[in-house]
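Structure 1 and structure 2 below are two forms of the same protein chain, each written out on its own as C-alpha cells.
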Structure 1
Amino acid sequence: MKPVVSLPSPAPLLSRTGWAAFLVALIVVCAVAPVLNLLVPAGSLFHLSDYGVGLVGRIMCYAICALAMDLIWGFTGILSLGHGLFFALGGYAMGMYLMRQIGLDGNYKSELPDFMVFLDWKELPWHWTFSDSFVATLFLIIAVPGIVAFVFGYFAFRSRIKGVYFSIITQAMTFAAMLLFFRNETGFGGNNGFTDFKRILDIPVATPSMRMTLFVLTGITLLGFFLMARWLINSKFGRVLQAVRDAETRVMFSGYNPLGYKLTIWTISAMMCGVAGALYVPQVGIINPSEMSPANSIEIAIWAAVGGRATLIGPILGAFIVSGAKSWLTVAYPEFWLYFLGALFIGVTLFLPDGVVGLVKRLATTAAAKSGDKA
C-alpha cells in the first residue's frame, strides 16, 4: 500500500526574489557604495560621505552580531547576555595585530605598544606571541571566541543550565571579563584599550581606499554569514535547534544529544561575533573593555528582537533600525533621543510582537488576502 500524501518539498536556500535581493545587496555593497564614496565628488548629491561609510560599516558589524544572536536565541531559544564578549575578543585579537603594526611610530618609539612601555614591561607577554602575524591573527579572531564559547558552553550545557540561568551566567561571564580587561596587569591596555592604529598589512588604515576595502569586506562577510545561517537553519540541523527550543526533552528522547547541537550553534554564533568584532575595530579605531559591558550584550539581543526573532533578515534590519535611529537621534535630539529609543523598544514589543519583519509579513498577508478577495 502506498498512501498518497503530498510531502512538502525541502525549502531552497533562497527564493527567487530572495536571490535577486541578495544580488542587489551584493552589488550595492561591492560596487555602488565604493563608487559613490570614492568617485562621486564630495559636493555631489550622490556622494556617500566617509562618515556614512563608517556608519554603515559599523552597523553591518552589528548586524553580524544580531544575526549570530538570532541563531542562538531566535532559533535555539537560548538567550545569551554575553555575546558582547565574543565580539570584543575578536576585536581584541584584531586590535593586538593593529597595535603591533604601529611599530616604532608610537609615542615611546618602542617595539612594544605604548601602554606596555608605560607599564615598564620589558617584553611582550606570552599572550601577545602571535600578534604580529596577520595569518595568526585571522586564526585567533575565530579561535579565541570559539574556544572561550566552546569551553563555557560545554560546561554550561552539560550541566543542563537553561533559560534565565544560562542568560545570567553569560552576563556574569562578560562582566567578569570586562573587569579583567580593565586591569592594566591583564595586558590589554586597561580601560583605554587599543587606539591610534596606523596600518593593516603595512597599508595605512586612515585612507579612503582602506576604509572602503574594510566596508566591502564587512558587507561581503555579512552577506556570506547570512547565506551560511540560512543554510544551517534550512538543514535538519536547524530544525533540531528549533526543536530544542520547543521541547528539549522530546529531542533527547528522539535520540539527539542536545549538547552537541547547542554547543555547535553556540560556538558558531560566538565565532561570527568574533569576526564582526575584528572587522569593527579597524573601522572605528578603538577597542576597549566597555564593549564587554552587559548593556552592550543586551543591545545585541535588542537588535534581534526589534527586527524579529527567528527570521534571519529581521535581526539584520533590527541592527540597522536601532543603530541608525540612535546615530541620527543623538544628533537630532541629543537631549531627548532616549525617549524615542525607549518608546521604540516598547512600541515594537507591544505592537509588533514578531518584530519589524513580522509586521511586514502581516501587511503582506493582508494585502494578499485583499487582492485575493478582489480576484
Structure 2
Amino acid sequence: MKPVVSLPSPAPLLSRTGWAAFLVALIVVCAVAPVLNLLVPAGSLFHLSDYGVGLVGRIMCYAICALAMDLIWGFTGILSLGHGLFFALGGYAMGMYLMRQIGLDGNYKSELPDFMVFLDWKELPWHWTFSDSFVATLFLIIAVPGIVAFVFGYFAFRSRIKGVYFSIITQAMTFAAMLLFFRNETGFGGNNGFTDFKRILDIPVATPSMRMTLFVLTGITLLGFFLMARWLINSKFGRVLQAVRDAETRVMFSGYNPLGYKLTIWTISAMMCGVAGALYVPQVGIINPSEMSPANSIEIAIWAAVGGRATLIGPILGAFIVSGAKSWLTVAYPEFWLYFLGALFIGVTLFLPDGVVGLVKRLATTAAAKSGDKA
C-alpha cells in the first residue's frame, strides 16, 4: 500500500498584520482622503488639496501597472517593455467615450469630436460605433488590451521567444502602435489625442466630488487587484508560474505546458494595465500617443525593480517612490530627471537587486539577529 502524501495547506491570502494594513489602506482611501479633501477647510493644515488628490490618484493608476508587471516579471520571469501600450489602449477606450460625452459643447457645436470636424470627417469611423455606451466602453477597456495581448503572446510564447528577445519585441510593438496612433487618418486624434473632457455619465468630470469619486474608485481597484494577485500567486497556478520562472525546461519535463500559464498571466496583466489607463484618463484630462512611448514602458519596469520584484507590495511602493520623486524633480530640476531615473535603475540593479522591500527585510533580519545575540 502506497503511503499517503499530504499536500501542504494553501497559504492564507493575507496574514493578520496584512489584513490590518489592508483595512487601514481601505479606510484611508474611502473615508480619510474624502473627508480631508471635501470637508476640511482649504486653509487647514490637514486639508488635502485637489492637486494632491489628482497626484495620488495618478500614482495609484501607475501602481496598478507596476503590480501587473510584477505578475509577469517578478513571478513568471517575463520582462515586458511594452506594457505602456495596454495602458494606453484602455485609456483610449475611455477617452473615446468621454469625447462622445462632450456632445454639442465642443468648439464646432457638432456631434462629431472637434478633431474630426477640423479634418472634415462627415461621420464616425467604424471603431467608434459603441463609443457612446458606457457599458460597451467598460467591456472594451478590458477586451481590447486583452485581445491584443492574447494574440501577440500566443505567437510569441508558441515560438518560445524569451529573455531579451521578447523584451525587444514588446518594445518594438508599442513603438509601432505609437507611430500608428500619431496618424490622423486612424481616427484617434493624431498627436493631440483626446482632451477637453466635459462629462462622464452626464456628470461634470471637473467637479471636486467627481474627482474624489475617481480617486476612491482607483484606490479600491488597486486594493482589489492586490488581493487578486495574492490569490493567484498562492494558488497552484501561481506555483507553476514561479516554477516556469525558475526552470521552464523542468516544468515541461514534469508534464506541464508553460504556454497556457504564460499566456494567461500575460493577458491578465495586460487587462490590468487597460483598467489602469481607463482610470487615469479622466483624472488627467488627456490621452495621446505619447503614453505608448517605450520610455513609459521602461518606467513601469523600473517601478517594479525599485520596489522589489516578486513581492506584490514592492512594485506598488516603487511606483509611489519613483513617481513622487518624478513629480518633485521635474519641477525643481527638470533637466536632471532622466539622469536620476537612469542612475536609480543602475543603482538598484547593482546594490539592491531585491528592491526596497528586500532591503527592509534584510535590515529587519539583521536587527532581529542582533537582539537575539544580546538576549
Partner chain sequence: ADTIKVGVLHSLSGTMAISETVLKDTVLMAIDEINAKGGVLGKKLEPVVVDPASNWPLFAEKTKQLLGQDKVAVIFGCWTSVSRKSVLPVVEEMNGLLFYPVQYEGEELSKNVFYTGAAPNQQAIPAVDYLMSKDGGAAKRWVLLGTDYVYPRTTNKILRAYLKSKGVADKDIDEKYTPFGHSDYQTIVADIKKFSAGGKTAVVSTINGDSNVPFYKELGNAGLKAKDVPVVAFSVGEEELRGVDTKPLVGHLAAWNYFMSIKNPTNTEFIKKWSDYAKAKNLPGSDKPLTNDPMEATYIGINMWKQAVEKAKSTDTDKVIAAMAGQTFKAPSGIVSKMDEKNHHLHKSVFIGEVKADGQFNVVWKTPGPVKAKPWSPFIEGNAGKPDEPAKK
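Each form is matched to the other, and the largest set of C-alpha atoms that superpose within 1.5 Å is called the rigid core. Residue numbering: structure 1 sequence, from 1. Everything quoted here is computed from the prediction, not taken from an experiment.
- Looking at the condition given, the form predicted on its own, one finds it describes the source of structure 2 alone.
- Once the cores line up, the CA of L45 ends up less than 2 angstroms apart between structure 1 and structure 2.
- The two forms, fitted on the rigid core, differ between structure 1 and structure 2 by 2 Å or more at the CA of A332.
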